[in-house]
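Only one chain is included here, represented as structure tokens and corresponding to the form predicted on its own.
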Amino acid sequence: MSTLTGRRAIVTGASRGIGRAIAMRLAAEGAEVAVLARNGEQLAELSDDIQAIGGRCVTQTTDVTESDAFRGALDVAVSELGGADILINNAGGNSFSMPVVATRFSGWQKTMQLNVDSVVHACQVVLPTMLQDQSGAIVNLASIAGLRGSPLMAHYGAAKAAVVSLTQSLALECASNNIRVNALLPGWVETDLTGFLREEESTEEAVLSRVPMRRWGTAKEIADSALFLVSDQSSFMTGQTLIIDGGLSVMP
């Protein structure tokens, strides 16, 4: 029997990269998976891949920054799965670099909507069914950018720091209900979103020079870590931040 047989998982931002890898990993371990993202075509391809390995997949095309539509999509996902045992809040990202003094406040707000508000919306929709079942596991994708100063990306760092703090508060609120909440903090991972950093060898060398292991992380490595956090292997672990960054965060 696979690790997650009989469990129902919801993954946001699942159309590509880390989110896609997590959805595939959970499905491979026996979970029924609902995947949400903006790109319906990519979600359809993911659904086909999950079905090809014998899994069940529910797709919902939605934008997590459009709160009412997102909450509605989550409601449908929970309904079609018949509940939820696992929630992976993976949707997030950063689209610009700018000093705080020059950052448009609209840009700041959009970053918060994408990275923080979406996590709150998802938890508010999905947690009631977990509370009813007195069981569940939530993993919030943050970033090592939220651990210390992030010059030119203060908006993103602040958002991910908020996700870490939210994770800890939710863990305390939910522990007595047998619901675990942890945060997963990747470093530099080789995905489409970081592709621009590999276009020039000098830029890539500058990035990896700060990583003690001198390489990119992979989406599979993050997915394996997410599986650990939602499985019974981490059954006594909640309110924690699991850092997967090749040693970057401990560099002086």
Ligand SMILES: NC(=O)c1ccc[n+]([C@@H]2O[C@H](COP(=O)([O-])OP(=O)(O)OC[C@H]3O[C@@H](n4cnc5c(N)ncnc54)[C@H](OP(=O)(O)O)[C@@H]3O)[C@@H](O)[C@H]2O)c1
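Since this is a predicted model, take the numbers as computed values, not measurements. In this text, residue numbers run from 1 along the sequence as written.
Form predicted together with the ligand: not shown, discussed below.
The ligand isn't shown here, but in the predicted bound form which of E221, D63, E204, D49 has a heavy atom within 4.5 Å of it? Going through each option in turn, the one that passes is D63.
Name the stretch, out of 73 to 81, 96 to 104, 164 to 172, 135 to 143, where some heavy atom lies within 4.5 Å of the ligand in the predicted bound form. Result for this chain: 135 to 143.
I'd like to check something about I86: if you look in the predicted bound form, is any of its heavy atoms closer than or equal to 4.5 Å to a heavy atom of the ligand? Because no heavy atom of I86 falls inside 4.5 Å of the ligand in the predicted bound form, the answer is no.
Although the partner isn't part of this model, could you tell me whether L193 comes within 4.5 Å of the ligand in the predicted bound form, counting any heavy atom of the residue? Residue-level check for L193: yes, a contact with the ligand.
Residue contact check: G187 to the ligand in the predicted bound form, 4.5 Å heavy atom: Result yes; G187 sits at the interface with the ligand in the predicted bound form.
For S67, is any heavy atom within 4.5 Å of the ligand in the predicted bound form, or not? No, S67 sits far enough from the ligand in the predicted bound form that none of its heavy atoms falls within 4.5 Å.
Of 106 to 130, which residues get within 4.5 Å of the ligand in the predicted bound form if you count heavy atoms? Those in contact are L114, N115.
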